[in-house]
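Presented as structure tokens, the chain that follows is alone, the form predicted on its own.
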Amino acid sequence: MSSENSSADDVQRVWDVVVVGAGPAGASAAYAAAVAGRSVLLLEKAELPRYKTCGGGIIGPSRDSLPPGFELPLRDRAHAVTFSHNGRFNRTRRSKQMLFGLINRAEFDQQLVEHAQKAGAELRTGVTVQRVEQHGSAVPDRRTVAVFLQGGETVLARAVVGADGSASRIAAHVGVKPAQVDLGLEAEIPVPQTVAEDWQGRVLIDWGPMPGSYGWVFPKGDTLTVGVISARGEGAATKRYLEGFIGRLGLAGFEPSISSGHLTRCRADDSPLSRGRVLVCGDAAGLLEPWTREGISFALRSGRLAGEWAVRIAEAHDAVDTRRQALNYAFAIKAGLGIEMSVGSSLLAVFERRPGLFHAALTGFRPAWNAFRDITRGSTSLAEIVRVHPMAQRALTALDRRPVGPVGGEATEVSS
């Protein structure tokens, strides 16, 4: 529904919760608030379904965070991971249980939005949010936030959740500060059946040539999602890495159906998660795992928490109670996702200096593979490993001082 079709009565309505952005974080926030029985408006600037630059790998924590009754629109199920180090030393690890569920984001996001709508949230697409205000003539009282839309319309809410991606306007209002910015480049490559069958059930992770970089291949039926990521500022080198990566895989002769790029921003430790009655979650909050830059599970989990606390903020009658609920939201984020991000940041620091050590550990050291497998399947997390095994945290500070032995050859191993 376009803004031109909105009536004056719609403009004056005060929603309990307005969510900006209909990706996994926004849809999860809208679902959580709607399930609680509140009036929820979900705003999305694009028309759905829409493409998003994303590997589309669903791991255990993501599956565990989906709404009840949600069936993943899987294009493939990966039980094997091939690791390589800048195109060399390929080794494959296998698991009897699924490691990655592989989806197209357009289908996945659309389905999440539909669940939010079934819970009672109202969706408006083709709507661009320009800014929000919590004071001024457009705000009737201190319990209200004004959301200004392109075209001149204003929407009023008791609480606002910003889930509008890494270039978020809501994040700018809150004052989110990134500590890490990375550039991801990706190609969706249609392939013949014989090539698709070779990749079926197996993903590839390649540790790249620039510090902190890596590449991936995720099979999705007749299409391979191939991408690389590295620190921002290495744009030309990142592009060369992707081109060389595709060439080494023997895929250079196939024309991509989509080629895209995307910046990911990882929050600084002291970056705010709220301002007054406005919360941020997912990419807008800079919530993702710093080493792998995995963001879907962080979006789903932070979105749910944001929706739950937005309901509490909508019910708050004064600034003191609003502040209390916002602080509780920040505590909930930092107590879970924050610990995982801290461990991920330490892993990235080591990985940037010694990627060969990671390759050797994951392909030749069973406890490292077991940890990777269990995190991927969702039976543990980085935060849980550190909590249960304090030596794991101490090991992170020592890893970069250990010698790395030679790695090479082809190997495959089956684990439970």
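As the structure is a computational prediction, the values presented were derived from the model and not from experiment. Residue indices: 1-based, along the sequence shown.
Absent from the display: the form predicted together with a small molecule. The rest refers to it.
Even though the partner isn't displayed, in the predicted complex is M98 close enough to the small molecule, meaning a heavy atom within 4.5 Å?
Output for M98 is no: heavy atoms all beyond 4.5 Å of the small molecule.
Contact with the small molecule in the predicted complex for V20, defined as at least one heavy atom pair within 4.5 Å: yes or no?
It does: once the small molecule is placed as it appears in the predicted complex, V20 has a heavy atom within 4.5 Å of it.
Is A299 close to the small molecule in the predicted complex, meaning a heavy atom pair under 4.5 Å apart or at it?
Although the small molecule is absent here, A299 would touch it in the predicted complex, with heavy atoms inside 4.5 Å.
Given that the small molecule is not shown alongside this chain, does A163 nevertheless sit within 4.5 Å of it in the predicted complex, heavy atom to heavy atom?
Looking in the predicted complex, residue contacts with the small molecule include A163, since a heavy atom lies within 4.5 Å.
Quick check on this chain: which one of P355, P61, P67, G57 has a heavy atom within 4.5 Å of the small molecule in the predicted complex?
Going through each option in turn, the one that passes is G57.
Please identify the residue among R366, R377, H389, R50 with any heavy atom within 4.5 Å of the small molecule in the predicted complex.
So the residue touching the small molecule in the predicted complex, by this definition, is R50.
Where, among 238-246, 335-343, 306-314, 122-130, do residues come within 4.5 Å of the small molecule in the predicted complex by heavy atom distance?
In short, 122-130.
Is it true that A25, E44 and H262 each have at least one non-hydrogen atom within 4.5 Å of the small molecule in the predicted complex?
Contact check passed for all of A25, E44 and H262.
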